[in-house]
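Coming up is one lone chain in structure tokens, specifically the form predicted alone.
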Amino acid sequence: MQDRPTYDELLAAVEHFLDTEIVPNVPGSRGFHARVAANAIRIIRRELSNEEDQLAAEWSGLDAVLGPAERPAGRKQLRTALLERNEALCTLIRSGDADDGEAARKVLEHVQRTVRDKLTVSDPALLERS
């Protein structure tokens, strides 16, 4: 692991360069692509800073809906296991077993929280507007 600069400091520097030097001075499609690149960096920074908490919350929410499961230790394994558990959630929803009562409440709560977490990364301004 590197000490300094951190990944966030490096990404912030590139973001600042794009926002202050490139976007205002490059017209047309290149300026547009620079804005897209700066926005992609902002999304990456938010994802990296929120990832640990959001993965834990998603796992916990799936535990509430599907029943507890042992959480993998590594990030890559956790992401793979989350994909598998989300497939199980989709199967549960498609089967109609989460249509009413406590199951429906748990699914709705989990999905709302997960979508809110994802929007916090991809488009926090949308959450502010709604």
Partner chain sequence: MPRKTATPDEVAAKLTAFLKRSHNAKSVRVDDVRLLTGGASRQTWSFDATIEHADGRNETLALIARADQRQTVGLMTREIEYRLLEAAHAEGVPVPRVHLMGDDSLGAPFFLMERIDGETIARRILRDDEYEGARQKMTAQLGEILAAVHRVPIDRHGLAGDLMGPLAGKSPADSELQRIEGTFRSITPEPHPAFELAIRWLKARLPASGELALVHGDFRLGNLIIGPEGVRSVLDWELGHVGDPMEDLAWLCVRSWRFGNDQLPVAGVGQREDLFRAYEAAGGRKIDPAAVHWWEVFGNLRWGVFCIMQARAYLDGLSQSVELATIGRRTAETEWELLNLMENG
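Residue numbers count along the first chain shown, from 1. Since we're looking at a predicted model, the values are computed, not measured.
Just so it is clear, the following notes concern the form predicted in complex with its partner chain, a form of the same protein that is not shown.
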Contact of R129 with its partner chain in the model of the complex (heavy atom, 4.5 Å) = yes
Distance check, G96 to its partner chain in the model of the complex, heavy atom within 4.5 Å = yes
Going by a heavy atom distance of 4.5 Å, is H33 a contact of its partner chain in the model of the complex?
-> yes
Does the 4.5 Å heavy atom contact test between I43 and its partner chain in the model of the complex come out positive?
-> yes
Candidate spot L108, V115 and D123, all three touching its partner chain in the model of the complex (heavy atom, 4.5 Å) = yes
Which of C90, A69, A56, A64 has a heavy atom within 4.5 Å of its partner chain in the model of the complex?
-> C90
Can you pick the one in N86, S60, S49, Q77 that has a heavy atom within 4.5 Å of its partner chain in the model of the complex?
-> N86
Going by its partner chain in the model of the complex, which residues of 50-76 come within 4.5 Å of it through any heavy atom?
-> none
